[in-house]
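Shown below, as structure tokens, is a lone chain in the form predicted on its own; questions about how it binds or moves come after it.
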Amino acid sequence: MIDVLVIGTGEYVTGLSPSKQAASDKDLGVVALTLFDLRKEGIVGNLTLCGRDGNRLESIKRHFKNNLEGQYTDLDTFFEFYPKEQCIDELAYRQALKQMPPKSAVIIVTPDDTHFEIAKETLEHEHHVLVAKPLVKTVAEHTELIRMAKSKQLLGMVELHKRFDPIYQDAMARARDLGEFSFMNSYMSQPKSQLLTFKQWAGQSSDISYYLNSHHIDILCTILTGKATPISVYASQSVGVGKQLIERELEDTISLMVQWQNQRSFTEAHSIHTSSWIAPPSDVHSQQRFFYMGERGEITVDQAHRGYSVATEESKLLSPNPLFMRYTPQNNQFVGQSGYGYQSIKNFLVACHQFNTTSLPVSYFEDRLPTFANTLNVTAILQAGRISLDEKRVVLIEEVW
């Protein structure tokens, strides 16, 4: 059993969106729901949520009571909360960190540009840390977090939950057996209504490439570990739609073209990673797919469509994805434990417990989890892409080291 602090109380944690107009596929949240269930299973001890606005406490408690306990009668949604006062406190997490026992588990789900400072302070307080993707925005920050986690013998992990999708896992294993890498094309989207949820930070503290391309770039980097090395990045953009929605300059759609070199043959390969947050309404909340080609075969994965569709009188035709989070109860109980959103968080907490109670080598976790150490190339590619967009040129990966 391990005490857990969650820093951030937005949609991914609680299911509550700052915009009532924004459509969501996570209106029951992911992080808090998972932790309530894991507490029932004896994995989570005391649970604390920390935001920046103390005035939100009552609405969060009411949401959990009505929509979680009201649907899953086996859940207890009690939690401690920071800030303690009804005020805005951007640094409330510092008080929350101080009250956690050493080597607790801290989960950071805040805007991208805040990840580094909060993760750094978490490690300084000697807690294990799981950070929502992307970990950070620069290689320099990423390298510093690797150094700190190693020196303090703590687990640092990125919440790249696609690694726990059973179909992605199988595809990654098969791709590694296809010989030399040749090409990958990935696409991931969010509906433009979701921009209203992201309005506070979109186009200012981060972009859609950091937010979404991180997933498929991590999948490819994992496949190519020890097989190929990223050499350069060139980025392209589309603009116009997002600005109309949130009245701010930002990229609507970003594509990164990455040049790779196979380590055995020194031959060249490339990948294209596209992400967008101006997608129109469709049967899915998020389009998510990729095509991979190696010298001995190819793989196509459409994670948004798995032969499962639902149509009711109240809704349009939908293609749900219960493999991410299954919200539909069974006998008034939560039965979504096999979802890869759930598994990502559970694997982190189990690993924290193993870190605290066993002498397993660090390599044991590096081989199984998206740790700080094995996701460095993801940050390098994303940072090079950002520089390429800003300076309109090809950026060598060596420039960001």
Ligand SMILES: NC(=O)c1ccc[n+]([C@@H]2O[C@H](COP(=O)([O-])OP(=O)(O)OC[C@H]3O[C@@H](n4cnc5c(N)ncnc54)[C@H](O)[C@@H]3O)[C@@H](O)[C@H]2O)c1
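All residue numbers are counted from 1 along the displayed sequence. Treat the numbers as computed from the prediction; the structure is a model and nothing was measured.
Here the subject shifts to the form predicted together with this ligand, a form of this protein not shown in this document.
- Heavy atoms of E85 never reach within 4.5 Å of this ligand in the model of the complex, leaving it off the interface.
- In the model of the complex, this ligand lies within 4.5 Å of some heavy atom of V109.
- Not displayed here, this ligand is approached by I118 to within 4.5 Å at the level of heavy atoms in the model of the complex.
- Contact between W201 and this ligand in the model of the complex is found at the 4.5 Å heavy atom cutoff.
- Only one of the listed residues (F181, Y93, W277, F290) places a non-hydrogen atom within 4.5 angstroms of this ligand in the model of the complex, and that residue is Y93.
- Exactly one listed residue, out of K137, K192, K103, H161, brings a non-hydrogen atom to within 4.5 Å of this ligand in the model of the complex: H161.
- Comparing 150-158, 229-237, 193-201, 242-250 against this ligand in the model of the complex, the single stretch with non-hydrogen atoms within 4.5 angstroms of it is 193-201.
- Proximity of V258, H270 and V301 to this ligand in the model of the complex is absent: no residue of the three has a non-hydrogen atom within 4.5 angstroms.
- Within 4.5 angstroms of this ligand in the model of the complex, the stretch 129-153 places a non-hydrogen atom from each of A132, K133, P134, taken in sequence order.
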